[in-house]
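Shown here is one chain on its own, the form predicted on its own, set out as structure tokens.
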């Protein structure tokens, strides 16, 4: 039971109790009261999580009555103090620290007050580094990553991860591969040790290779049912035809059937080199401790290439073209149209991201209709142009794809394509101050929202170090977004979109998809 009053040696006005029968209510005076909170042990404020006793008021006294009336204002002030504004979140964001080992491996971390952390190894390798013969090797290795090491069997590795309550995962993209673990901050040393084993001494047993071969082949069959993935992979294959960026991450089934242990070992020996690796961490981590762990477990990673044959990324040529896969039995058409975008380190990336934020996205499940902020989304809702659409900008080290992907009924393809290209022409020619302000706000909110938790922050750090050589702080992103004006946006969009040959991919009942020459002619306006 708690007993609270306004001060010492004063009458008690409030009895707080977790047991209903602990106080005889008949013995209370008229100015006394009780509060019963079942299953409550303490009160906590939202501000700093400090324990506090609730204040009690004698409403028969004028000064107490005035204080009680003013309390809601005080509470609202406390709430506003507890709410972090956008500017405060930008300025209060921790900066990443960066160090480099003698072998070239980089260590980057961002320390916060979390009790958990995410630590991982980001490697500059993906399907872009693969040839037609070994396309899919990185994805195949991803499935073998946690099937045992030279020191731990699969069951021992799984038990070690589960005993920490950790989560171990990996992914492969066109330019990056990542192995990472989310765990309690106190278990960081064990997490780094396990990651080093997974990356440097995976067992790659013949039995596991055969078992995972079947798994990979099943996934290749299943991914054909994900028409969005199919459509975007086809977009890459036509936009970057004849170059490594046309390769899918999963690779063809023919390669998956023929991969041997020797192929996978050669892939690791060719690409898993220290200068192309970043050990990144976010959360309750100390940078000096992380550097010490990196020296202990990753100093032996090789930085030399056999015969000094250092892999060099060749420029990937963009080709305006189209690829169509017509199947009238499918219920909906999946269509993507894109132009060549800016590379990750190109300053034009930010205006293009603002342009995409202006175009926005739409889904039938969205509410709003005519009140949606994006003009294209409003038109899609009013005219029932599509089930969904999304503006995207996929960046790579030296190039990118900026486009619009939509899913629609077979009778609406031509209309949706017309208005999608019309949205592009608008950002090139008639974009207004209010459009840009709305796009910048949406982009800022998206950047902040994507960094909610240690895992996305860690992923952001790893990719930034590989792409830019440093972690770009939120304050810098914010300043670069603020620098975008309507004129800057129009100039950049004209540079990348206006009168450019697009790449188009379409899957499903696409008979109504316009001829390529007609879509090409819609990439400019004849206005006098």
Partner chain sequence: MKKIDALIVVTDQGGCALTPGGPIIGKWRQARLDVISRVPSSGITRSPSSYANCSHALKMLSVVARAGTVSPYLRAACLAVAGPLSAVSPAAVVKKDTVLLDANKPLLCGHCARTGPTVSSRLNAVAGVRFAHTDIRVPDFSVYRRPEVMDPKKSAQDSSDARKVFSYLMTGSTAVLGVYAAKTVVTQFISSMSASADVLALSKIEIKLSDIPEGKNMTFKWRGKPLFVRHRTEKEIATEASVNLSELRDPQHDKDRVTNPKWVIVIGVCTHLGCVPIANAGEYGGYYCPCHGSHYDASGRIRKGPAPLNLEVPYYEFPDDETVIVG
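Residue numbers count along the first chain shown, from 1. None of these values were measured; they are calculated from a predicted model.
FYI, the form predicted together with its partner chain isn't displayed, but the following is about it.
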### Message
Can you confirm whether 142, 251 and 325, the three residues that make up this candidate site, all sit within 4.5 Å of its partner chain in the predicted bound form, judged by heavy atoms?
### Response
yes
### Query
Between the options 124, 183, 172, 356, which residue brings a heavy atom to within 4.5 Å of its partner chain in the predicted bound form?
172
### Query
Of the options 381, 227, 431, 443, which one has a non-hydrogen atom that comes within 4.5 Å of its partner chain in the predicted bound form?
227
### Task
Pick the stretch from 371-379, 251-259, 288-296, 423-431 whose residues have a heavy atom within 4.5 Å of its partner chain in the predicted bound form.
251-259
### Query
Is there a heavy atom of residue 340 lying 4.5 Å or less from a heavy atom of its partner chain in the predicted bound form?
yes
### Task
State yes or no: in the predicted bound form, is some non-hydrogen atom of residue 243 no more than 4.5 angstroms from a non-hydrogen atom of its partner chain?
yes
### Query
Can any non-hydrogen atom of residue 167 be found within 4.5 angstroms of its partner chain in the predicted bound form?
yes
### Query
Would residue 498 count as a contact of its partner chain in the predicted bound form, using a 4.5 angstroms cut-off between non-hydrogen atoms?
yes
### Query
Which of the residues spanning 219-235 lie within 4.5 Å of its partner chain in the predicted bound form, based on heavy atoms?
219, 220, 221, 222, 223, 224, 225, 226, 227, 229, 230, 232, 233, 234
